[in-house]
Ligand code: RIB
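This document starts with one chain, in the form predicted alone, laid out as structure tokens.
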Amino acid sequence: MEQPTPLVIDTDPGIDDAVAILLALASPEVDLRLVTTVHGNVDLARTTENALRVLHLAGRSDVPVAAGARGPLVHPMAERAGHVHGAAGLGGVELPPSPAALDPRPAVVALADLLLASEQPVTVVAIGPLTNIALLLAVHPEAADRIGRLVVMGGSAGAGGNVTAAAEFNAWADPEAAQAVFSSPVPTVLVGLDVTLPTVLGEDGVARFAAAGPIGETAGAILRQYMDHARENYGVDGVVVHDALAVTEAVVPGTLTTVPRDVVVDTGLGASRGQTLVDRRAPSGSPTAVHVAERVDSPAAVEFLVSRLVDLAGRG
């Protein structure tokens, strides 16, 4: 049996971030070595506390958590996403506090140390604003060179935006960081709204893992706020689990059909700030090309998520 791939999740929990962390812990193909936190859906103190508590929920308080950037590289965010994720970030569910202490290292240092010490290539899944990853590129380029694969949930090639008409939330939250990452030579997969929006987890799937054990029951309760928001705002009976799809691609490379494209992020201060401009005229041969996800088998991706969460809940 092959050794599991070392994995780092850079995250801003967030409801779908919590589900994505649980999916990683349920997947034997990867070994979650570190969680780094970043500002985003809620403030850094809350995203960090949420990460610690989600790991504790799954019985994995041994996974270190290191706190990262409190805000974007240049311009402050106009708003966070408490109206979607709840004021505390986990849909109004209060998870028990973790007995684990926060890793004392800044996130970028902890990530650099892990990358430089690993004998295997490390997959990094970035499912929040890209501030920490941009800082790693700037401060520890020798460590960034050791990333085997960077899977980013963010942006949109043609589906428009979800926080503005033009921009997806994670790219909009720190466009300067996103531009730095997408113009770097780090092997990057972009999992954007084009493939996440069609991938909807319905009531039946939530009911399956909620019935499987306490972990699944709690995950279902966390998702309830997300489902209510989707129903009220979009008329959808289900939730788009954006971040879990990125983790799925990290766990099983090739889940998504990707095409190398040149990607530029609008860093202006106008209405299109944060838009990911994807050149779809032809595949790119550039060393900085981003592998943009363009097709997904949505039912298979949802079934993968549900079956893994059922398994994890059964262990609990």
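This is a predicted model, so every value here is computed, not measured. Numbers follow the displayed sequence, beginning with 1.
Note that the form predicted in complex with this ligand isn't included here; everything after this is about it.
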item	value
This ligand contact in the predicted complex: Phe209, any heavy atom under 4.5 Å	no
Touches this ligand in the predicted complex: Asp243 (any heavy atom, 4.5 Å)	yes
Distance check, Val239 to this ligand in the predicted complex, heavy atom within 4.5 Å	no
4.5 Å heavy atom contact, Met153 to this ligand in the predicted complex	yes
Segment assignment from 131-139, 217-225, 101-109, 164-172: heavy atom within 4.5 Å of this ligand in the predicted complex	164-172
Sole residue of Asn41, Thr276, Thr37, Asn50 within 4.5 Å of this ligand in the predicted complex, by heavy atom	Asn41
The unique member of Val195, Val124, Ile127, Leu90 whose heavy atoms fall within 4.5 Å of this ligand in the predicted complex	Ile127
In the predicted complex, residues of 101-126 near this ligand [heavy atom within 4.5 Å]	none
